[in-house]
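Shown below, as structure tokens, is a lone chain in the form predicted alone; questions about how it binds or moves come after it.
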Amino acid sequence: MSRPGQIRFLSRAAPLYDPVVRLLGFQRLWRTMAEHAGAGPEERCLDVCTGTGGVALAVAGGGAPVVGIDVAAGMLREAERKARASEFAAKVRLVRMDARQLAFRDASFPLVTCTMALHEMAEDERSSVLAEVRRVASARVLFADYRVPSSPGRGLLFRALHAFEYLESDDFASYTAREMGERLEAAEFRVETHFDAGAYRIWPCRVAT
């Protein structure tokens, strides 16, 4: 499936997204992202590729104002519905926007999060998104995505367990071909560490100066 086709698919399937990813442990990942973000009440956060707003709402639950952006209209509708049903609606602003061209000033967000999105992109799109995140972030950035095993045996198991991802996106293989920390360092982020949350990995970064 091409990237435009994938976006259309995600937009149409948005009402089913949360029930499916709940089985994959995303709710735990959203909470873990918010916990490690540790955003203060006045620390403005940008949630890139917010999807149905899982991380945006979790961060807003700590009192931080959050802007969530996504290119898939259906996903944003689900995020808006969830925000209205929560007690954090006033803290969350949702905007349809292409992450390759963020309509924000340089260094305008002390905190930026991006969760389970980079693996869906072609390499050039990934590079553009990382450059834009780097541009608008002034301090901290948290990325989360699949934890790709390095050993051949575990790699085969990973491919079997994630066969749908390889079919859904023409570019999933390019994500798995390069270590994420290396990719982030090349995009001028300073990777402080990484830690695992179930099948996923979180990379807390600082903006390199």
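From 1 onward, residues are counted along the sequence shown. Keep in mind the model is a prediction, meaning the values are calculated, not measured.
Beyond the structure shown, there is the form predicted together with a small molecule, which is absent from this document and is the topic of what follows.
A heavy atom within 4.5 Å of the small molecule in the predicted bound form is found for exactly one of Ala72, Leu94, Ala83, Leu130: Ala72. Site residues Ala37, Ser108 and Phe143 are none of them in contact with the small molecule in the predicted bound form, judged by any heavy atom within 4.5 Å.
In the predicted bound form, at least one heavy atom of Cys49 sits within 4.5 Å of the small molecule. Although the partner is absent from this view, Ala197 stays clear of the small molecule in the predicted bound form, with no non-hydrogen atom inside 4.5 angstroms.
At a distance threshold of 4.5 angstroms between non-hydrogen atoms, Arg134 is out of contact with the small molecule in the predicted bound form. With a 4.5 Å cutoff on heavy atoms, Ala79 does not count as touching the small molecule in the predicted bound form; it lies far away.
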